[in-house]
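In the block that follows, a single chain appears as structure tokens, in the form predicted on its own.
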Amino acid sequence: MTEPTADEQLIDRAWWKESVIYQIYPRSFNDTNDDGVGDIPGIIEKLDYLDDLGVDIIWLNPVYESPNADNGYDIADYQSIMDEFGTMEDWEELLDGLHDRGIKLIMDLVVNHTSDEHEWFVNARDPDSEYHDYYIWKNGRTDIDGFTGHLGPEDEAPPNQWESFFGGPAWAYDEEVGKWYLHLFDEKQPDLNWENPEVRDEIFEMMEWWLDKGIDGFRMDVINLLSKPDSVTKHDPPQNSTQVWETFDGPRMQEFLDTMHDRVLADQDVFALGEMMGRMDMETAIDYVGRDGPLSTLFHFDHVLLDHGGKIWETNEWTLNDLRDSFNRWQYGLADDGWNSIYLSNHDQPRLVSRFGNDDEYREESAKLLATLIFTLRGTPYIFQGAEIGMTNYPFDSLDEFRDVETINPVRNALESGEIDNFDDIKHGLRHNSRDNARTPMQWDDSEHAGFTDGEPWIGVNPNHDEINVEAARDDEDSIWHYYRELMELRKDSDVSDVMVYGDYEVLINDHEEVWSYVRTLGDERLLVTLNFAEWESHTWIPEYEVDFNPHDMEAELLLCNYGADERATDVDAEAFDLRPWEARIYRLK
């Protein structure tokens, strides 16, 4: 048996670290029955497309039975498929088709809450039912002078003053029960009571059922909200001294996930991705995803909150330093123990090129630059459907064009209360922030509905689909689509794959206002990645005092450039050079 090389000894391998994950939002991917809603047969129809692109894992957004108050994240039956999406037989055909192509499948796990139409909640309305304690029921407050109630009895206030993440109180009054139930999200999404061991047993058995069907893991929705603070769990009515964000990483959170790991995940080679709400300290993150943690990796929100104000229509300015600092915190924080997930867009975020790039003059260049960033940081990269062709935000002109409850509810409440006068006052902010930007249909070709459907789409198709579509991108060898393929080939099938996946991260010129440069190092292998986030040319260099090698002694071999391998990119000195607007380059330093 051959002894491992020194470089190989530095690597803690895992299949999901070396994979590229492609997220499918099924409602907007491909419709085969012309009802205007994407479906599972539509995904099956595009399996060869996914294979040609070169992805390794599909993350499938919820396809379970749901009344769609929150587009499938309000689940009415965890073990059945929504009629709009197809049948369980369709789903099984999808799984087989993916596995036949060597592509794995992870499913969304939504277990902080269910739909209010789930049989558990329907039965929970009977206080004598065994299901009553599956949810969090509390008495309202009655000792408040002058309070006339909020959608409840006139002499009661909600149990505490928490506001839900979708706007309005986080409590809803149920006349049948005579109590209030907690819903951190929509009123039709009551929170499960994880303090009840029977709830945990039900969830773990459901997870085992899906794993037995052959899936390869879970993406766990808002998973660090499961444990509610003592102010809620141990008091009736709850104490009014805590804020809703104190639900993040509650007192029993680690215990609940450790139990999930021991009961369900430990004995199988399962990928477990946790979506984590709130700004998390690194010690807590390592508890979740370190070598002894229950999860494989996590989604944090640090970088995608940079441009958000307090309301859905409010935006903040950000700089490259802000973005780089956010990623630096995680690159260095999980360097020795843990693993990052690298994403700039998903179904809950606006389109990455409209948000972090330039979706006008430099759309293609900036889309390629952002892809370079995603694929060259240390962590598992994620592609949200449409990013590979540079899809952009949608030009919403009225509230009627939106479908997302997180957008619609706060705007309606603000209009009714007089907080805002009209939609036009906030249109720009909604165009920038709304999750519906990510949910417009996939743009397959330049036909009337972008090849997504022959029916009426459930949400508007971006009018720029005549220019931005898969068919055009695949025909153009210099397109964003082909650049994504080159990045994946470089990451998976080249002699720099190991350093690109597992190499240490070292940032250069950490206060450069236009250029983000970093070195990836594994043993004797070094990659230099340099990215110009400006609409003008910028100068960059390798400061000798920041690295443990002499850049003057280095030859820079160009591996990839979003402007192509022209003389300007190939004939450079390793230590210093100029970059064109939104230019991205990857060099091997030798």
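Bear in mind the structure is a predicted one, so any value in this text is a computation, not a measurement. Start at 1 with the first residue shown and count on from there.
Not on display, but discussed next: the form predicted together with a small molecule.
K.L.:
Within 4.5 Å, heavy atoms only, which of N328, S479, Q349, Q254 is in contact with the small molecule in the predicted bound form?
P.N.:
Result of the distance check: Q349.
K.L.:
May I ask you to choose, among E275, E202, E514, E117, the residue with a heavy atom within 4.5 Å of the small molecule in the predicted bound form?
P.N.:
Spelling it out, the residue with a heavy atom inside the cut-off is E275.
K.L.:
I have V499, R585 and R588 flagged as a candidate spot, so tell me whether each of them has a non-hydrogen atom within 4.5 Å of the small molecule in the predicted bound form.
P.N.:
Not a single residue of the candidate spot has a heavy atom within 4.5 Å of the small molecule in the predicted bound form.
K.L.:
Please identify, from 515-523, 218-226, 453-461, 364-372, the stretch that has a heavy atom within 4.5 Å of the small molecule in the predicted bound form.
P.N.:
Of the options given, it is 218-226.
K.L.:
Mark Q189 yes when one of its heavy atoms lies within 4.5 Å of a heavy atom of the small molecule in the predicted bound form, and no otherwise.
P.N.:
So Q189 counts as contacting the small molecule.
K.L.:
Considering only heavy atoms, tell me if H113 and the small molecule come within 4.5 Å of each other in the predicted bound form.
P.N.:
Result yes; H113 sits at the interface with the small molecule in the predicted bound form.
K.L.:
Residue-level contact is defined here as any heavy atom of the residue lying within 4.5 Å of the small molecule in the predicted bound form; does W444 satisfy this criterion?
P.N.:
So W444 does not count as contacting the small molecule.
K.L.:
Is F166 close to the small molecule in the predicted bound form, meaning a heavy atom pair under 4.5 Å apart or at it?
P.N.:
Taking the distances in the predicted bound form, the answer for F166 is yes, it comes within 4.5 Å of the small molecule.
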